[in-house]
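In structure tokens, one chain follows: the form predicted on its own.
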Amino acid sequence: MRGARRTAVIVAFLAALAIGAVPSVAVAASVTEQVISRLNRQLLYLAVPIAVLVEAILAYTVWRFRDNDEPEPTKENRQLEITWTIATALVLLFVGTASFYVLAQPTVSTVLDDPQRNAEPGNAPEDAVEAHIVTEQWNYTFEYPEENVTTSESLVLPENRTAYLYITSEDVIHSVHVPELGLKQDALPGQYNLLRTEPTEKGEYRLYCAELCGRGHPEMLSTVQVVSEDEYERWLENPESALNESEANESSANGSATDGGP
């Protein structure tokens, strides 16, 4: 009995140590990334103690029976079998429930209320940003139909505002992937696929193609710029220079503050 308690204490300590060693998670840059990261953390905190427990039992068994040259069949223990069957069922129930909850989120699921084939542009809510991401070997074109703006420089989105991104391709299959925002969606010729999200942190995020699409695939890169609402409105009025002027003003202000220091 004392040995069993000692083993339980050691297992609990190792599990706590393993969980404590998990690196802290940075602030999510979108609501999509937020719910995905939360699910990953939940599953990690569940998996680490289980893994430590299994490895601890394995190590103890190897050490305990290291000199047993005449092993005997394990005695039947129905209570133990029922216990680990119920425990396994509870773990799987939690994993399934948590996963389906995340998949049901509008900012995660690619399935609309209507079938996916009806994901035609123009159905975004009035207060949402509607943008079309048109892919082709090996470039992107970003269209804002309601504002009559088209650019190939960068996808610009306002902070804390829902965005409906309609994705299509002009030639072969591509895949739009923005890891830091938790976004990934295939771009298919002759079809629109929808991504819904809400950026929550201003910044510049890497956008790249995640589907092998030819010899220029490694260079098929772009960026997503998340800016304030005011800056977004200024950019719509002058897409060619508004963001560059803003960045230049910020750099100038930082330089002046540095020069004016003691």
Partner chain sequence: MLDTIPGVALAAIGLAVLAAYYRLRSDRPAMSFADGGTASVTVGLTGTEKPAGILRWFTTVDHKDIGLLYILFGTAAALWGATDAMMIRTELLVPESAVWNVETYNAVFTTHGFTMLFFFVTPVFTGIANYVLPLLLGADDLAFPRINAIAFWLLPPSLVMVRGGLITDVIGMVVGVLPVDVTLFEALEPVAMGWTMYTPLSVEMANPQISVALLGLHLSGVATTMAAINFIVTVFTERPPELGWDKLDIFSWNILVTSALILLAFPLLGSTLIMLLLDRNFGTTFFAIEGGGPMLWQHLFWFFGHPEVYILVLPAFGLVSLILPKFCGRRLFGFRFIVYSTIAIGILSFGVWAHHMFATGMDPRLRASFMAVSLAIAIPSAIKEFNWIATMWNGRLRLDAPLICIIGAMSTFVVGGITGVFLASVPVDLVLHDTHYVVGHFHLIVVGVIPLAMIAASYYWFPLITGRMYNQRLARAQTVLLIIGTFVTFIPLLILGYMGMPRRYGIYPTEFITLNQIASLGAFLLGVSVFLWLVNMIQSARVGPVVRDADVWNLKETGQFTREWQWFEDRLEERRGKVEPEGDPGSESETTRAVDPDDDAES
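Since the model is a prediction, treat every value here as computed from it, not as a measurement. Numbering follows the first chain given and starts at 1. In this text, the rigid core denotes the largest set of C-alpha atoms whose superposition between the two forms falls within 1.5 Å.
Not on display, but discussed next: the form predicted together with its partner chain.
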Checklist entry - Which pick from Q34, T200, N193, T223 sits with a heavy atom within 4.5 Å of its partner chain in the model of the complex? => result N193
Item to check | The single option of N123, N77, N160, T141 touching its partner chain in the model of the complex, heavy atom within 4.5 Å | outcome: N77
Checklist entry - Can you check whether E231 is within 4.5 Å of its partner chain in the model of the complex, heavy atom basis? => result no
Checklist entry - Is there a heavy atom of D186 no more than 4.5 Å from a heavy atom of its partner chain in the model of the complex? => result yes
Next on the checklist: With a cut-off of 4.5 Å between heavy atoms, is P106 one of the residues that contacts its partner chain in the model of the complex?
Outcome noted: no
Next on the checklist: Can you tell me if E72 lies within 4.5 angstroms of its partner chain in the model of the complex, counting non-hydrogen atoms only?
Outcome noted: yes
Checklist outcome for this item: Those residues of 74-96 with a non-hydrogen atom no more than 4.5 Å from its partner chain in the model of the complex are T74, K75, E76, N77, R78, L80, E81, W84, T85, T88, A89, L92, V95, G96
Next on the checklist: Following rigid core alignment, is the displacement of the I36 C-alpha between the shown form and the other one equal to or greater than 2 angstroms?
Outcome noted: no
Checklist entry - After superposition on the rigid core, does the Cα atom of T61 shift by at least 2 Å between the shown form and the other one? => result yes
Checklist entry - Relative to the superposed rigid core, does the CA atom of T74 travel 2 Å or more between the shown form and the other one? => result yes
